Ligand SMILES: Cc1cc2nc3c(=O)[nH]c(=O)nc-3n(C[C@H](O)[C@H](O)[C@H](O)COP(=O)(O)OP(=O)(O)OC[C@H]3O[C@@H](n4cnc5c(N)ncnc54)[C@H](O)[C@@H]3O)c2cc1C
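Given as structure tokens, the chain that follows is alone and in the form predicted alone.
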């Protein structure tokens, strides 16, 4: 049985980031991955969806070429070639991770990993099984889509996000999306920009229910302007099929039927626990998640868990930060500035976590909202500026949007930012850095922002907040 300083089950962002960090610190590392290196994010989530979003955005720009004085006799798209571009992008990204593994000496073992007691990992491949011993083990198996118990959910033409990303043929002149969270609104953006008639069905009273109401309302308006029908406070009771698929919906006490060529299920994800823990693993669970301490230790000695297995914040960069934190703890290092961990029962709370949604316009948030501040009786100053007066937005004929900043009222320290505008996902990093370093409004205005750039509007939002 081969022995390693660290064995990691799962090759997604939490797993591969931890592996590379450990290898650079001189540890002998093995990563056990059952499908493809990169996990959900690289292969079935972040990267492929953003590739299709980019392609759809380019197509939209081409359709609107007249506003830039450009001429073309015909504009169209080939969905199969779009999918090929997406796969090339995924392959290229995954190759960079493999190159890093090869350079740092991380051993990648393809097979299904199961944790036993005493940090023994059983690996099962198609033709054999064997065991590894780890001085430490990190569980980073990720998550899988939730399939709700709806009659008709298994009918042909009902997709998960993973399945629809693998579809080469265009079958989506009309599409019903069940779930108005991040995955749902991003797919609504992709398919509406490609010309599909999209209906988005959300059980909550608004889209992105965990976001600020201002964001939710603006997103609904933006999607409706693209032709998306948004149904909130709606529950899909069953799915049936005749010539097309029909989602039978209960909404405000009334029944309605939405007919479409295909249905996408995007109601969330749950930890990938199947076959992960043997009976003798000694790892305790609570509410469907692995119980961990504030240092991501499980109840089994020397075994840690990160990412979607432990956190309700299901983001790739959160898993990566957790993986780095664990490796530094194993190595006995004083942790740097990447992560601050506060235990809260089964929650791991990360104070400065940017949240990005790649709709058009993009959405990015970090820190607290005004509503959260009021909930905790915190006095704040809020400033908001709109992109319709921004030079770069005017040049690019973008769809508008806004930047909203939240400052603690007495010190004028930035505590939150909500952006819905072009390049929001790039600009939110500045706001996260400002919050984590306790920067004030004055300090944020000391650095000039180049003209013309989208980030100039940050200064206007600061000015608006301080005006009050």
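Only a predicted model underlies this, so the values are computations on that prediction, with no experimental measurement involved. Positions refer to the first chain, counted from 1.
Below, we turn to the form predicted together with the named molecule, even though it does not appear here.
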_Among the candidates 265, 228, 231, 183, the residue which, in the model of the complex, approaches the named molecule to within 4.5 Å (heavy atoms)_ = 183
*272, 136, 86, 220: which sits within 4.5 Å of the named molecule in the model of the complex by any heavy atom?*
272
*asked:* I'd like to check something about residue 18: if you look in the model of the complex, is any of its heavy atoms closer than or equal to 4.5 Å to a heavy atom of the named molecule?
replied: no
*Verify the contact flag for residue 187: yes if a non-hydrogen atom of it lies within 4.5 Å of a non-hydrogen atom of the named molecule in the model of the complex, no if not.*
yes
*Answer yes if any heavy atom of residue 50 is within 4.5 Å of a heavy atom of the named molecule in the model of the complex; otherwise answer no.*
yes
*Heavy atoms within 4.5 Å of the named molecule in the model of the complex: does residue 9 have any?*
yes
_Which is the contacting stretch out of 436-444, 29-37, 409-417, 63-71, given heavy atoms within 4.5 Å of the named molecule in the model of the complex?_
29-37
*Output the sequence-ordered list of residues from 125-153 with at least one heavy atom within 4.5 Å of the named molecule in the model of the complex.*
140, 141, 142, 143
